[in-house]
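Encoded as structure tokens, the following chain is the form predicted alone, with no partner shown.
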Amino acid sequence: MATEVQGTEAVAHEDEGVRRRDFINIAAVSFAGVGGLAVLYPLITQMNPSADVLAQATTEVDLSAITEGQSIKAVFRSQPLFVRHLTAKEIAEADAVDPATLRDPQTLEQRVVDGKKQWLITMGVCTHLGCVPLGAGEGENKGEFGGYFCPCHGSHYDTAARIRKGPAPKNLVVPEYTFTSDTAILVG
């Protein structure tokens, strides 16, 4: 009987040792996990945009001073933004083009807001290598199709800012925007 009691005590001590070891392992892993999070948190949060970048997340543009046929340059997220008040002739020229003949097929209606066909808003960055095309400023070269011309490598865009000639693979990008009134837009 004495050997049975000693055997039971040995098993009890062995179970107690396993429990202590398990607790120590769990505590060590938990401590290491919390320490890892404490190190990673600042590294991850430093990748968030700064306050000045967040302030540029949207841009409001007043359209009231832009006359028909005029283009202006604004800034959106540190990049040029072209705002163009299309004339009836420019709209007709854009509508006359068969989208199937274009490298990046889009109609003018797909590039403007419904009911505001006269307002074309695009990013002023050539889709070839990121140069700023001419055509938004007074007296600038508008290219062969009356829209925009990129002097870096010779891309020509039409009045709807669609690529017509040159190495650019895509049309000028139309950013997300909404009309906040008849004379103002909010880009972004």
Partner chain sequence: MSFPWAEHYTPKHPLMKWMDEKLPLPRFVYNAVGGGYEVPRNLNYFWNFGVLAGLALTVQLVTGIILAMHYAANGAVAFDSVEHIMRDVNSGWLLRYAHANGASFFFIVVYIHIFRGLFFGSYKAPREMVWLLGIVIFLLMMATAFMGYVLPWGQMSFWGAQVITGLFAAIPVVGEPIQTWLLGGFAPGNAALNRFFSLHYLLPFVIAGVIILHIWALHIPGSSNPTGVEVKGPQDTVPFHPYYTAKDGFGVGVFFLIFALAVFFAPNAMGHPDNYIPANPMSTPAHIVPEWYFWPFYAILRAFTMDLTIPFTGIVLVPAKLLGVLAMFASILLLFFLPWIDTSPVRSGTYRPLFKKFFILLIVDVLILGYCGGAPAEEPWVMISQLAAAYYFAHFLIILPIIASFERPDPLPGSITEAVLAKSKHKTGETVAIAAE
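Rigid core: the largest C-alpha set superposing within 1.5 Å between the two forms. The model shown is predicted, which means the values in this text are computed figures rather than measured ones. Numbering follows the first chain given and starts at 1.
Keep in mind that the form predicted together with its partner chain is missing from the display, and what follows is about it.
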query: Interface membership of Ala74, its partner chain in the predicted bound form, 4.5 Å heavy atom rule; finding: yes
query: His128, heavy atom within 4.5 angstroms of its partner chain in the predicted bound form; finding: yes
query: Contact of Pro175 with its partner chain in the predicted bound form (heavy atom, 4.5 Å); finding: no
query: Its partner chain contact at Asn141 in the predicted bound form, heavy atom, 4.5 Å; finding: no
query: Contacts with its partner chain in the predicted bound form, stretch 132-151 (heavy atom within 4.5 Å); finding: Val132, Pro151
query: Threshold 2 Å Cα movement between the shown form and the other one for Ile44, core superposed; finding: yes
